[in-house]
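One chain is shown next in structure tokens, namely the form predicted alone.
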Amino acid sequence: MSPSADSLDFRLDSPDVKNDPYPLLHRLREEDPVHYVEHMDCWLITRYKDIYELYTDPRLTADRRKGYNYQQPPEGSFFRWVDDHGLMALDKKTHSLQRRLIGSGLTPSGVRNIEGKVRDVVDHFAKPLHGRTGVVDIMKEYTTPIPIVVVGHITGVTAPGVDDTQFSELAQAVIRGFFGLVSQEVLLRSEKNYEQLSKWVKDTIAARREKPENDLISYLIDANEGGFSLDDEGIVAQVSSMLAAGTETTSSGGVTCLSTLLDHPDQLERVRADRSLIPQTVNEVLRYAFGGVGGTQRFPLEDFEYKGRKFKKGQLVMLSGGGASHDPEVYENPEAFDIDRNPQGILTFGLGPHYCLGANLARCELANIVDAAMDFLPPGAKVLHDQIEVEELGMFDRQTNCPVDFGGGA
């Protein structure tokens, strides 16, 4: 149900809240910024300054095993390995070493070194869309296959006999299991697809041991950072996670950038005429269109009081992405999409020691996706919102297509 005029009772998974969370988030920031959500037994934080502060509060952890409702995945499963050995589960020193080991090629300078390859991939999928008419699904034909080819190039992993779209959809099915608060069906599907994804990674590891190449797997086989290294099981899990996360982020992010611009044609035309506006446009889309009422999950390591509210050890604390990015104390007139804003300090990729490793690569891909699209999206093109399909995952939904009317059809 949606919140009534005199009450802040609501369900995070209600259609009203998921479809338009911002009126509710505005009320929460004004009336109850540290809000107890009874049906989930969790705290929802909606003010930017509080979210910023709690991201790096040492009394909170990202390790979901510390949650008092945690259910241990089956022994031998992908999610069990992630929970026991993944980045979120490591001590501070090992976490830092592993991040440096995995993320060395994803720094700003590292991404600049591969930007030409990123653009080649984007142009490959943009080329067939030039001169098209009628309705085009830009998610299926454009933003979905791009990231799997890019991340495949970085890691060295390919999927023999499987086209790019199928590979991407499989990888995306894996990452949905990480969303949190999803159905058991989504978790089982994620685990099943991981088995196939990990097989391709294992095959690549075996091939690179025989013949190293210039890719991440070849590097990780022999890499050592401060005495820390990954065994084959660790390489499989980390690279599979990278394939899955990098695919989902850019597929959905690319289509969000383009659909937001298509819904604001005056600003799209400004970008088309002046491509130097693209980086700040991507920043504004990341602020304006990413993050609903929910967000990043944290768990208290001890009982403590915050802003007069008592957090219990292991209780879920949720940092609202939409709450932070639409806070009028930080962003003037936040419900307006304004490419001149060039917002700073956005928390879409997180903050602190768990800041997204792939943020630099994602920004590079999104900028190139927007740039290339300016050359094939005809003036007047419109998103057919009534034909968009959505997969229900639980508290979160995921858009699965983006039909755009290019005009000129019969």
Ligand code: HEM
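Please read these numbers as outputs of a predicted model, since none were measured by experiment. Residue indices: 1-based, along the sequence shown.
Here the subject shifts to the form predicted together with this ligand, a form of this protein not shown in this document.
Among heavy atoms of residue 204, none comes within 4.5 Å of this ligand in the model of the complex. In the model of the complex, at least one heavy atom of residue 356 sits within 4.5 Å of this ligand.
Residue contact with this ligand in the model of the complex: residue 60 places no heavy atom within 4.5 Å of it. This ligand is not drawn, but in the model of the complex it has no heavy atom within 4.5 Å of residue 43. Taken together, the three residues 55, 99 and 362 all come within 4.5 Å of this ligand in the model of the complex, as judged by their closest heavy atom. Checking 329 to 337, 129 to 137, 295 to 303, 192 to 200 against this ligand in the model of the complex, the stretch whose residues place heavy atoms within 4.5 Å of it is 295 to 303. Out of the listed residues 316, 170, 271, 151, 151 is the one that sits within 4.5 Å of this ligand in the model of the complex by at least one heavy atom.
Think of it this way: in the model of the complex, this ligand has a heavy atom of just one of 122, 235, 242, 111 within 4.5 Å, and the residue is 242.
For the stretch 338 to 353, the set of residues having any non-hydrogen atom within 4.5 angstroms of this ligand in the model of the complex comprises 348, 349, 350, 353, in sequence order.
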